[in-house]
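Have a look below at one chain only, the form predicted alone, in structure tokens format.
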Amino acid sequence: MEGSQTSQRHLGLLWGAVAASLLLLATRADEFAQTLRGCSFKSFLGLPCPTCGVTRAALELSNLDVASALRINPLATVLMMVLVLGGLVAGVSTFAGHPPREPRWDLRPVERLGLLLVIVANWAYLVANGT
């Protein structure tokens, strides 16, 4: 049991540190974005890749424009917000003595199908909107 609690504590502290680092790096996001190139998948095939717009969505989030980020890539925006907000909660709750539980990775077939459908629906949105 002690190993599990230590592992959960490490998870909470790591997740919290990542979230805090992302918030600090967000202040430099515009400078970093200028060094990036466009999507190779989109330039080669003419269609957005399943992750197209993630960088632009992250830039909009760094400027606190959630609505624009959601228009660019809804799934990535939600996941980034969960990463940062969840990490901050996990870090604080770990310091308060309540670390997060480790995630389970053994998804049932219906959960896998649901996850796949969410990813495909997001990609369809990107293709429809020419992201």
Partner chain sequence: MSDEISTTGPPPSGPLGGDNEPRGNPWERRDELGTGQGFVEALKLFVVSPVEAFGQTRRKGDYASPLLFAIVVGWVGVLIAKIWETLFGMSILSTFPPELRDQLPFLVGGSSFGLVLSLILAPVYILVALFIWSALLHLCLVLVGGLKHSSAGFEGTFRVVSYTTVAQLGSLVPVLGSVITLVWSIVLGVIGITSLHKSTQGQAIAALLIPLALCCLCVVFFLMTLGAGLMAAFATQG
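Given the structure is predicted, the values throughout are model-derived calculations rather than measurements. Between two forms, the rigid core is defined as the largest C-alpha subset superposing within 1.5 Å. Positions refer to the first chain, counted from 1.
Another form exists, predicted together with its partner chain; not displayed. Remarks below refer to it.
Within 4.5 Å of any heavy atom of its partner chain in the predicted complex lies no heavy atom of residue 95.
Contact between residue 116 and its partner chain in the predicted complex is found at the 4.5 Å heavy atom cutoff. When its partner chain is considered in the predicted complex, residue 121 lies well away from it, no heavy atom lying within 4.5 Å.
Under a 4.5 angstroms non-hydrogen atom cutoff, its partner chain in the predicted complex lacks residue 27 among its neighbouring residues. Proximity of 6, 18 and 21 to its partner chain in the predicted complex is complete: all three residues have a non-hydrogen atom within 4.5 angstroms. Residues of 99 to 131 that come within 4.5 Å of its partner chain in the predicted complex, judged by any heavy atom, are 102, 105, 106, 107, 112, 115, 116, 119 in sequence order. Relative to the superposed core, residue 104 shifts its CA atom by 2 Å or more between the shown form and the other one.
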